[in-house]
Ligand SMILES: C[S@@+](CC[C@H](N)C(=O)[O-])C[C@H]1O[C@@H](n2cnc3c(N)ncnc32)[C@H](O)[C@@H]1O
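Shown next as structure tokens: one chain only, the form predicted on its own.
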Amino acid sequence: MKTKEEKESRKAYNSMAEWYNHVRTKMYPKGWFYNELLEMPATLELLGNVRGKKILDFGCGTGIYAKLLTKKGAKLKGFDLSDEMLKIARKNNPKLDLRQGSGYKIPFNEKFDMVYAALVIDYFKDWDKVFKQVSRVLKKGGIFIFSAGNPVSECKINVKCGRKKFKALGIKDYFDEKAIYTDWILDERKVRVPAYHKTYETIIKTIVRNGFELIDYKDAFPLKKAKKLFPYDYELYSKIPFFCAFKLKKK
């Protein structure tokens, strides 16, 4: 039986799959700010040289990372919770083994050199359960890389000015580990997307408790070309750490 967070995430991404892929690949061919120009550079730097590596794409989405890493020589397989996202991923990567599955039950029983999860792990409430699944499919000494919302930026204060809401630079309720819901605006409709906030203390203790060693870390900083393409977002998120990425080694 699927958990509440699995049901919510699957529903959200099924409803926005076509829109999401269109934005990432057609509307902004030079890169969407939050992905190609902010999160991906940090995660790709931690991944390093992937040629010849057997890699699992945890939460492959529409297969954008999968396609890129395959071109770089990775031996890649992947899975995603959303069947609508998977349809697009399979169309874009017809030769890859991409399955439907969850971070609570990874649909592979083999061992991988690397597992990476780009902006997906914080859709899950129980990170211990996720880490145990990753450990199960990762070789001893293997690498686990994941990116997520930065715990600091997840707690920005909402400020009202008339009928409008703004994000302030202050921090509120950092220690309250709870579900945070964001409304994504898709043309004329909204999609409610959940995420589970964790403090840095909880994240680090989860890493250690599950037999991993933290070997590198990145605060995502936007690429310089984003300043011209997305001036407002660049100005804001060159001051606020919106995403972060961790590189772990299985002991």
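This is a predicted model, so every value here is computed, not measured. In case it trips you up, residue 1 is the first one in the sequence shown, and so on.
A second form of this protein, the form predicted in complex with the ligand, is not displayed here; the remarks below concern that form.
Chemist: Pick from 76, 148, 85, 134: which residue has any heavy atom within 4.5 angstroms of the ligand in the predicted bound form?
Modeler: Residue within 4.5 Å of the partner: 85.
Chemist: How about residue 222 - does it come within 4.5 Å of the ligand in the predicted bound form, if we only consider non-hydrogen atoms?
Modeler: Residue-level check for residue 222: no, no contact with the ligand.
Chemist: Taking 4.5 angstroms as the cut-off for heavy atoms, does residue 96 touch the ligand in the predicted bound form?
Modeler: The answer is no: residue 96 has no heavy atom within 4.5 Å of the ligand.
Chemist: Does any heavy atom of residue 123 come within 4.5 Å of a heavy atom of the ligand in the predicted bound form?
Modeler: Within the cut-off, so yes.
Chemist: I'd like to check something about residue 101: if you look in the predicted bound form, is any of its heavy atoms closer than or equal to 4.5 Å to a heavy atom of the ligand?
Modeler: The answer is yes: residue 101 has a heavy atom within 4.5 Å of the ligand.
Chemist: Is the ligand close enough to 13, 59 and 81 in the predicted bound form that each of the three has a heavy atom within 4.5 Å of it?
Modeler: Every residue of the candidate spot has a heavy atom within 4.5 Å of the ligand in the predicted bound form.
Chemist: Which among 136-144, 68-76, 175-183, 114-122 is in contact with the ligand in the predicted bound form, heavy atoms within 4.5 angstroms?
Modeler: Going through the listed ranges, the match is 114-122.
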